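Quick setup: one chain, the form predicted alone, written in C-alpha coordinates, and binding and motion questions come after.
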(Lines give C-alpha, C1' and ligand atoms only; values in the text may rest on other atoms or scores of the structure.)
Protein backbone atom coordinates (compact mmCIF):
# COMPACT_ATOMS: atom_id res chain seq x y z
CA UNK A 1 0.00 0.00 0.00
CA UNK A 2 1.19 3.48 -0.86
CA UNK A 3 1.09 6.16 1.81
CA UNK A 4 -0.49 8.43 -0.83
CA UNK A 5 -2.02 7.49 -4.16
CA UNK A 6 -3.94 9.55 -6.68
CA UNK A 7 -5.59 8.25 -9.83
CA UNK A 8 -6.49 10.66 -12.64
CA UNK A 9 -6.88 13.40 -10.01
CA UNK A 10 -8.11 16.68 -11.46
CA UNK A 11 -9.12 19.99 -9.90
CA UNK A 12 -10.65 22.78 -11.92
CA UNK A 13 -11.37 26.38 -10.92
CA UNK A 14 -13.74 27.70 -13.56
CA UNK A 15 -11.81 27.28 -16.81
CA UNK A 16 -8.46 26.83 -15.07
CA UNK A 17 -7.07 23.32 -14.55
CA UNK A 18 -5.03 23.37 -11.32
CA UNK A 19 -4.47 19.60 -11.47
CA UNK A 20 -4.72 17.55 -14.64
CA UNK A 21 -5.27 13.77 -14.54
CA UNK A 22 -2.61 13.45 -11.84
CA UNK A 23 -1.29 9.96 -11.09
CA UNK A 24 0.91 10.38 -8.05
CA UNK A 25 2.22 7.99 -5.39
CA UNK A 26 4.30 8.33 -2.25
CA UNK A 27 5.95 5.34 -0.59
CA UNK A 28 5.61 4.81 3.13
CA UNK A 29 8.55 6.15 5.13
CA UNK A 30 10.00 8.48 2.50
CA UNK A 31 10.32 12.23 2.11
CA UNK A 32 8.70 13.17 -1.17
CA UNK A 33 9.48 16.71 -2.30
CA UNK A 34 7.06 18.29 -4.75
CA UNK A 35 9.04 20.85 -6.73
CA UNK A 36 7.45 23.51 -8.87
CA UNK A 37 6.94 27.27 -9.19
CA UNK A 38 3.92 29.12 -7.83
CA UNK A 39 0.87 28.09 -9.81
CA UNK A 40 2.13 24.60 -10.62
CA UNK A 41 -0.55 22.87 -8.53
CA UNK A 42 1.47 22.02 -5.42
CA UNK A 43 -0.82 23.61 -2.84
CA UNK A 44 -3.97 22.43 -4.63
CA UNK A 45 -2.68 18.85 -4.40
CA UNK A 46 -1.87 19.21 -0.70
CA UNK A 47 -5.24 20.81 0.08
CA UNK A 48 -6.95 17.92 -1.68
CA UNK A 49 -4.96 15.31 0.24
CA UNK A 50 -5.85 16.93 3.58
CA UNK A 51 -9.58 17.07 2.58
CA UNK A 52 -9.90 20.88 2.45
CA UNK A 53 -10.56 20.77 -1.30
CA UNK A 54 -12.64 18.20 -3.17
CA UNK A 55 -11.36 17.00 -6.53
CA UNK A 56 -13.30 17.76 -9.69
CA UNK A 57 -12.66 14.19 -10.82
CA UNK A 58 -10.43 11.24 -10.02
CA UNK A 59 -9.54 9.80 -6.63
CA UNK A 60 -6.98 10.31 -3.88
CA UNK A 61 -6.14 8.03 -0.98
CA UNK A 62 -4.09 8.60 2.17
CA UNK A 63 -2.94 5.42 3.91
CA UNK A 64 -5.51 3.60 1.79
CA UNK A 65 -8.35 5.90 2.91
CA UNK A 66 -10.35 7.79 0.28
CA UNK A 67 -10.10 11.52 0.98
CA UNK A 68 -13.65 12.21 -0.24
CA UNK A 69 -15.50 9.17 1.11
CA UNK A 70 -13.87 9.14 4.55
CA UNK A 71 -12.28 12.52 5.19
CA UNK A 72 -12.57 12.21 8.98
CA UNK A 73 -10.34 9.14 9.06
CA UNK A 74 -7.85 10.85 6.73
CA UNK A 75 -7.57 13.78 9.12
CA UNK A 76 -6.83 11.35 11.97
CA UNK A 77 -3.67 10.02 10.28
CA UNK A 78 -2.22 13.18 8.73
CA UNK A 79 -1.00 16.59 9.81
CA UNK A 80 -0.23 19.66 7.73
CA UNK A 81 1.86 22.78 8.20
CA UNK A 82 0.15 25.33 5.97
CA UNK A 83 1.92 27.77 3.69
CA UNK A 84 0.37 30.62 5.68
CA UNK A 85 0.79 30.08 9.43
CA UNK A 86 -2.52 29.57 11.25
CA UNK A 87 -3.22 30.64 14.83
CA UNK A 88 -5.64 32.59 17.01
CA UNK A 89 -4.26 36.12 17.12
CA UNK A 90 -4.42 36.52 20.89
CA UNK A 91 -3.17 33.05 21.79
CA UNK A 92 0.41 32.30 22.80
CA UNK A 93 2.59 29.77 20.93
CA UNK A 94 2.75 27.47 23.96
CA UNK A 95 -1.05 27.51 24.27
CA UNK A 96 -1.49 26.87 20.54
CA UNK A 97 0.76 23.81 20.72
CA UNK A 98 -0.94 22.50 23.85
CA UNK A 99 -4.32 22.80 22.17
CA UNK A 100 -3.01 21.12 19.01
CA UNK A 101 -1.49 18.25 21.01
CA UNK A 102 -4.71 17.71 22.93
CA UNK A 103 -6.58 17.17 19.66
CA UNK A 104 -4.36 14.27 18.61
CA UNK A 105 -4.25 12.11 21.72
CA UNK A 106 -0.65 12.98 22.65
CA UNK A 107 0.17 11.34 26.00
CA UNK A 108 -0.59 14.06 28.61
CA UNK A 109 2.39 12.90 30.71
CA UNK A 110 4.80 13.44 27.81
CA UNK A 111 2.98 16.36 26.21
CA UNK A 112 4.60 19.28 28.02
CA UNK A 113 8.15 17.94 27.66
CA UNK A 114 7.58 17.30 23.95
CA UNK A 115 6.23 20.82 23.41
CA UNK A 116 9.07 22.42 25.37
CA UNK A 117 11.73 20.39 23.55
CA UNK A 118 10.26 21.17 20.13
CA UNK A 119 10.01 24.90 20.87
CA UNK A 120 13.61 25.03 22.08
CA UNK A 121 14.90 23.14 19.04
CA UNK A 122 13.09 25.56 16.72
CA UNK A 123 14.23 28.57 18.77
CA UNK A 124 10.68 29.46 19.84
CA UNK A 125 11.08 29.03 23.58
CA UNK A 126 11.94 32.66 24.24
CA UNK A 127 8.77 33.66 22.38
CA UNK A 128 6.48 31.15 24.10
CA UNK A 129 4.48 33.87 25.88
CA UNK A 130 4.17 36.30 22.97
CA UNK A 131 0.80 36.69 21.34
CA UNK A 132 0.56 35.02 17.94
CA UNK A 133 -0.21 38.39 16.39
CA UNK A 134 3.16 39.70 17.60
CA UNK A 135 5.28 36.90 16.15
CA UNK A 136 7.54 37.66 13.21
CA UNK A 137 6.84 35.88 9.93
CA UNK A 138 9.71 33.48 10.56
CA UNK A 139 8.55 32.70 14.10
CA UNK A 140 5.01 32.03 12.89
CA UNK A 141 6.35 29.61 10.26
CA UNK A 142 8.40 27.80 12.89
CA UNK A 143 5.28 27.50 15.05
CA UNK A 144 3.31 26.09 12.11
CA UNK A 145 6.02 23.46 11.64
CA UNK A 146 6.11 22.74 15.38
CA UNK A 147 2.44 21.68 15.31
CA UNK A 148 3.22 18.78 13.01
CA UNK A 149 6.43 17.86 14.84
CA UNK A 150 4.50 17.60 18.11
CA UNK A 151 1.70 15.62 16.46
CA UNK A 152 4.02 13.10 14.70
CA UNK A 153 1.35 11.91 12.26
CA UNK A 154 1.59 8.94 9.91
CA UNK A 155 1.58 11.40 7.01
CA UNK A 156 3.18 14.81 7.59
CA UNK A 157 2.69 17.53 4.98
CA UNK A 158 4.69 20.76 4.83
CA UNK A 159 3.78 23.50 2.36
CA UNK A 160 6.86 25.69 1.81
CA UNK A 161 7.99 25.15 5.42
CA UNK A 162 10.89 27.60 5.46
CA UNK A 163 9.58 30.62 3.58
CA UNK A 164 10.35 33.76 5.62
CA UNK A 165 12.81 31.76 7.76
CA UNK A 166 16.51 32.69 7.90
CA UNK A 167 19.17 30.21 6.79
CA UNK A 168 19.98 29.07 10.33
CA UNK A 169 16.29 28.43 10.98
CA UNK A 170 15.87 26.63 7.66
CA UNK A 171 18.55 24.12 8.60
CA UNK A 172 16.90 23.43 11.96
CA UNK A 173 13.52 22.85 10.34
CA UNK A 174 15.01 20.59 7.67
CA UNK A 175 16.77 18.48 10.30
CA UNK A 176 13.55 18.13 12.30
CA UNK A 177 11.64 17.06 9.17
CA UNK A 178 14.24 14.38 8.48
CA UNK A 179 14.05 13.28 12.09
CA UNK A 180 10.28 12.96 11.73
CA UNK A 181 10.81 10.60 8.80
CA UNK A 182 13.34 8.60 10.79
CA UNK A 183 10.72 8.21 13.54
CA UNK A 184 8.36 6.52 11.07
CA UNK A 185 6.34 9.28 9.42
CA UNK A 186 5.88 9.61 5.69
CA UNK A 187 6.58 13.20 4.66
CA UNK A 188 5.53 15.39 1.75
CA UNK A 189 7.21 18.77 1.30
CA UNK A 190 6.07 21.25 -1.35
CA UNK A 191 8.67 23.84 -2.26
CA UNK A 192 10.11 26.00 -5.01
CA UNK A 193 13.49 26.17 -3.27
CA UNK A 194 16.16 23.99 -4.86
CA UNK A 195 18.35 23.94 -1.75
CA UNK A 196 15.44 22.71 0.36
CA UNK A 197 14.66 19.94 -2.11
CA UNK A 198 18.31 18.87 -2.33
CA UNK A 199 18.60 18.64 1.46
CA UNK A 200 15.36 16.81 2.16
CA UNK A 201 14.26 14.64 -0.72
CA UNK A 202 14.36 10.87 -0.91
CA UNK A 203 12.53 11.42 -4.19
CA UNK A 204 11.37 14.48 -6.11
CA UNK A 205 8.16 15.00 -8.05
CA UNK A 206 8.23 17.86 -10.55
CA UNK A 207 4.86 19.49 -11.13
CA UNK A 208 4.30 21.86 -14.04
CA UNK A 209 0.91 23.40 -14.87
CA UNK A 210 -0.90 20.82 -12.77
CA UNK A 211 0.77 17.88 -14.49
CA UNK A 212 3.28 15.42 -13.07
CA UNK A 213 6.32 15.77 -15.33
CA UNK A 214 8.72 13.32 -13.70
CA UNK A 215 9.30 11.58 -10.35
CA UNK A 216 12.54 9.97 -9.19
CA UNK A 217 15.52 10.26 -6.86
CA UNK A 218 17.74 13.30 -7.31
CA UNK A 219 20.77 11.34 -8.62
CA UNK A 220 18.61 9.62 -11.27
CA UNK A 221 17.00 12.90 -12.30
CA UNK A 222 20.41 14.50 -12.74
CA UNK A 223 21.76 11.50 -14.64
CA UNK A 224 18.85 11.86 -17.07
CA UNK A 225 20.44 15.05 -18.42
CA UNK A 226 22.76 13.85 -21.17
CA UNK A 227 26.11 15.62 -20.87
CA UNK A 228 24.94 17.40 -17.73
CA UNK A 229 28.04 16.65 -15.63
CA UNK A 230 31.02 18.91 -16.28
CA UNK A 231 34.52 17.56 -15.55
CA UNK A 232 37.50 19.93 -15.68
CA UNK A 233 40.89 18.24 -15.67
CA UNK A 234 44.29 19.92 -15.37
CA UNK A 235 47.46 18.14 -16.54
CA UNK A 236 51.02 18.97 -15.53
CA UNK A 237 52.07 19.04 -19.19
CA UNK A 238 50.34 19.33 -22.57
CA UNK A 239 48.77 15.97 -23.39
CA UNK A 240 49.52 13.91 -26.46
CA UNK A 241 47.06 13.64 -29.34
CA UNK A 242 46.66 9.91 -28.63
CA UNK A 243 45.32 10.58 -25.15
CA UNK A 244 42.88 13.13 -26.51
CA UNK A 245 41.56 10.53 -28.97
CA UNK A 246 41.36 7.89 -26.23
CA UNK A 247 39.36 10.28 -24.03
CA UNK A 248 37.00 11.13 -26.90
CA UNK A 249 36.26 7.43 -27.24
CA UNK A 250 35.05 7.40 -23.63
CA UNK A 251 32.06 9.51 -24.66
CA UNK A 252 31.00 13.05 -23.93
CA UNK A 253 31.93 16.37 -25.48
CA UNK A 254 35.59 17.34 -24.97
CA UNK A 255 37.25 20.73 -25.22
CA UNK A 256 41.02 21.27 -24.81
CA UNK A 257 42.64 24.55 -23.86
CA UNK A 258 44.94 26.17 -26.43
CA UNK A 259 47.89 25.22 -24.21
CA UNK A 260 46.85 21.57 -24.33
CA UNK A 261 46.96 21.00 -20.56
CA UNK A 262 43.35 21.83 -19.57
CA UNK A 263 40.45 19.57 -20.50
CA UNK A 264 36.72 20.25 -20.14
CA UNK A 265 34.36 17.32 -20.65
CA UNK A 266 30.55 17.33 -20.70
CA UNK A 267 29.52 13.79 -19.77
CA UNK A 268 26.39 12.00 -18.60
CA UNK A 269 27.82 10.24 -15.55
CA UNK A 270 31.00 11.73 -14.14
CA UNK A 271 31.24 8.94 -11.54
CA UNK A 272 31.74 6.45 -14.40
CA UNK A 273 33.74 8.66 -16.76
CA UNK A 274 36.38 9.97 -14.31
CA UNK A 275 37.87 6.55 -13.35
CA UNK A 276 38.18 5.60 -17.04
CA UNK A 277 39.77 8.98 -17.78
CA UNK A 278 42.34 8.63 -15.00
CA UNK A 279 43.16 5.08 -16.10
CA UNK A 280 43.68 6.18 -19.73
CA UNK A 281 45.89 9.06 -18.57
CA UNK A 282 47.98 6.79 -16.37
CA UNK A 283 48.51 4.34 -19.24
CA UNK A 284 50.22 6.99 -21.37
CA UNK A 285 52.09 8.62 -18.50
CA UNK A 286 50.05 11.83 -18.39
CA UNK A 287 50.10 13.36 -14.90
CA UNK A 288 46.89 14.90 -13.63
CA UNK A 289 47.23 17.96 -11.40
CA UNK A 290 43.55 18.85 -10.73
CA UNK A 291 40.06 17.44 -11.20
CA UNK A 292 36.89 19.46 -10.68
CA UNK A 293 33.42 17.96 -11.11
CA UNK A 294 30.22 19.99 -11.38
CA UNK A 295 26.90 18.16 -11.57
CA UNK A 296 23.57 19.60 -12.75
CA UNK A 297 21.46 21.43 -10.18
CA UNK A 298 17.77 20.81 -9.66
CA UNK A 299 17.26 24.09 -11.54
CA UNK A 300 18.92 22.39 -14.50
CA UNK A 301 16.73 19.31 -14.00
CA UNK A 302 13.57 21.41 -13.94
CA UNK A 303 14.64 23.30 -17.06
CA UNK A 304 15.49 20.02 -18.82
CA UNK A 305 12.10 18.43 -18.19
CA UNK A 306 9.80 21.47 -18.48
CA UNK A 307 11.63 23.86 -20.79
CA UNK A 308 11.42 26.59 -18.15
CA UNK A 309 13.41 27.55 -15.10
CA UNK A 310 11.85 27.62 -11.64
CA UNK A 311 12.05 31.43 -11.64
CA UNK A 312 9.83 31.73 -14.70
CA UNK A 313 6.07 31.97 -14.37
CA UNK A 314 4.24 28.75 -15.29
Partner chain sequence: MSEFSRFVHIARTDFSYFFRTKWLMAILISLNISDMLVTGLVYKGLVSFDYFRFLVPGIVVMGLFSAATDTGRRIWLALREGVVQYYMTLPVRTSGLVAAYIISGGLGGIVYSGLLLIIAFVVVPPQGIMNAILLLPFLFILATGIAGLAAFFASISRVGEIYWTYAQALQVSMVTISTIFYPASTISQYLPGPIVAIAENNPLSLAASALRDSAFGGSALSTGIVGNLLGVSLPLAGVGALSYWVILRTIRVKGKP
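Positions refer to the first chain, counted from 1. What you see is a predicted model, and the numbers here were worked out from it, not measured in a lab.
The discussion below concerns the form predicted together with the partner chain, not included here.
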Exercise. Exactly one stretch in 274-282, 247-255, 46-54, 33-41 has heavy atoms within 4.5 Å of the partner chain in the model of the complex; which is it?
Worked result: 46-54
For this session: Taking 4.5 Å between heavy atoms as the contact cutoff, choose which of 195, 203, 86, 130 touches the partner chain in the model of the complex.
Result: 86
Seminar exercise, completed: Students should find that, of 91, 178, 154, 209, the residue having a non-hydrogen atom no more than 4.5 angstroms from the partner chain in the model of the complex is 91
Problem set entry | Contact at 158, 166 and 199 by the partner chain in the model of the complex, all three, heavy atom at most 4.5 Å | no
Exercise. Could you tell me if residue 103 has a non-hydrogen atom within 4.5 Å of the partner chain in the model of the complex?
Worked result: yes
Problem set entry | Distance check, residue 75 to the partner chain in the model of the complex, heavy atom within 4.5 Å | yes
Exercise. Counting only non-hydrogen atoms and a 4.5 angstroms cut-off, does residue 82 reach the partner chain in the model of the complex?
Worked result: yes
Exercise. So in the model of the complex, does any heavy atom of residue 147 sit within 4.5 Å of the partner chain?
Worked result: yes
